[in-house]
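Just the one chain here, the form predicted on its own, laid out as structure tokens.
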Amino acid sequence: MDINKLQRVSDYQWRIDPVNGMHVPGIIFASKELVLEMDDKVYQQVSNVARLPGIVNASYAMPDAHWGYGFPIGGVAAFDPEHGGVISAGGVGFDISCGVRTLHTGLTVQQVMTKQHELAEALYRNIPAGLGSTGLIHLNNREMDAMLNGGARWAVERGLGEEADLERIEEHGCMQGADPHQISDFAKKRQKDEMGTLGSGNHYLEVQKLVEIYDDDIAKVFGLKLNDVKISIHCGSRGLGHQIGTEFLKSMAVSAKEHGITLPDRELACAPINSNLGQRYIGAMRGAINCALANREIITHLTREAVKQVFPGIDLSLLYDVSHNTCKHEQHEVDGETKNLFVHRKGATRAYGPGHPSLPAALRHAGQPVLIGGTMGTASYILAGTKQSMQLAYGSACHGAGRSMSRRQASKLWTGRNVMQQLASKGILIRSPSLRGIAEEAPSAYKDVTAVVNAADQAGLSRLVAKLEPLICIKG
């Protein structure tokens, strides 16, 4: 990105002044080095989002921002329904409610390494992964609608999860206001055999060792200790979410003129929040959020079964589960006034600060766990939301490393077998049904996740708590 087009606010905050129809400025949270690495399309997309009706304060980009569909991945924007605010399917993304959950195992690195290969095989057998992967759960129409309404709670009620998990999931595992009737039969058909599956792309299940703690006090609250082994799951709403995004983007693009909306980019197709189309999308999107929450809960159930095959008597408990592709109806303070806003986070993690009433009581005084996935060869991080973040970007932070090259470029540079061998030499076992998928997800195809989380910490978006490195990775 041409840094000369930006106004430097601080070492980790850069401003795009509003011009040419922008209602608000653009704000990029990143170090100078990360800004220089960003594609110029990020600048254009941040500016385009600022041109949408009813946007409040600014169009934001997180430190891992890169070019996406309409909105940049790593984009955050809030809209006021009382002032013509819109909702955009492109501002949520196709993998609705993709997110991360992290589990405590109670195991040490030494224990896991004695049975590393056995554990990798057990997890790979139990958890379906890959493009079009299907599981053992087959939903009829009635159960499909029950799942879309119930989310993780639906899974728990059917013996596919634990009641205690619900307290540690955003929305307590169930997004209210879902409307399965707004989801097409084709979207439901795509999902009926995909519950409890990882899917493909950058989705994974990873066994991780905790190697560094940056904040002892918050780490104690979160239950984190050096040499701990954690398991993180990264996936979303699978085919259902993708189909909802595809269908509503088309409808929003067609109806834009009808609503008096001039789109700076067709990919920013949107509808007024209070319109019939806007409300229909919200109902469908909330159903997809529940689908993702149920999916991660089922995968957790399958993970527990796999771990017990190798380590009998071990019980996995949930640290937290949070999504990074959503639009949520939230209350935020704007110019001293509390407003009801619809906050889009696309490739951006919610990061509520200490004391927020929606957080579990046991974690509330420390702030929300912010779970940042890295690559299968580098590191992941646990951060905590800050009060400052609530003022900076509606309680939002980065979500991962962010790609530095396309999947096509990566597959030309590496083979899956070579990547597996390189990682095995570091003690990291990869299991995947697709060698091409491994090549596309090569660690060097991504930005430096450490630089990204350091920028989020320095900008005040979230506070660094702990660093995790991979031992086993199940990839789609």
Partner chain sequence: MITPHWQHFEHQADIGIRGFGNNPAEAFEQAALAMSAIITELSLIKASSEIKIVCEEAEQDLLFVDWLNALIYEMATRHMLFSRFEVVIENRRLTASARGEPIDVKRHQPVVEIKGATYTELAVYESQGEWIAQCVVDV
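Positions refer to the first chain, counted from 1. As the structure is a prediction and not an experimental result, all values here were calculated from the model.
From this point on, the text means the form predicted together with its partner chain, which you will not see here.
- Taking a 4.5 Å heavy atom cutoff to its partner chain in the predicted complex, the contact residue among Ala164, Val254, Ala361, Leu136 is Val254.
- For the candidate set Gly367, Gly199, Gly196, Gly91, a heavy atom within 4.5 Å of its partner chain in the predicted complex is found for exactly one residue, namely Gly199.
- Though the partner is left out of this view, Ile169 does not reach within 4.5 Å of its partner chain in the predicted complex, counting heavy atoms only.
- Residue contact with its partner chain in the predicted complex: Arg403 places a heavy atom within 4.5 Å of it.
- Mapping the unseen interface onto this chain, Leu392 falls outside it, with no heavy atom inside 4.5 Å of its partner chain in the predicted complex.
- Using a 4.5 angstroms threshold between heavy atoms, Arg238 counts as touching its partner chain in the predicted complex.
- Picking from 420-428, 403-411, 51-59, 25-33 the stretch near its partner chain in the predicted complex, with a 4.5 Å limit on heavy atoms, gives 403-411.
- Highlighted residues Asp39, Thr246 and Arg436: every one comes within 4.5 Å of its partner chain in the predicted complex, counting any heavy atom.
- Counting a residue when any of its non-hydrogen atoms is within 4.5 Å of its partner chain in the predicted complex, the hits in 43-68 run His66, Trp67, Gly68.
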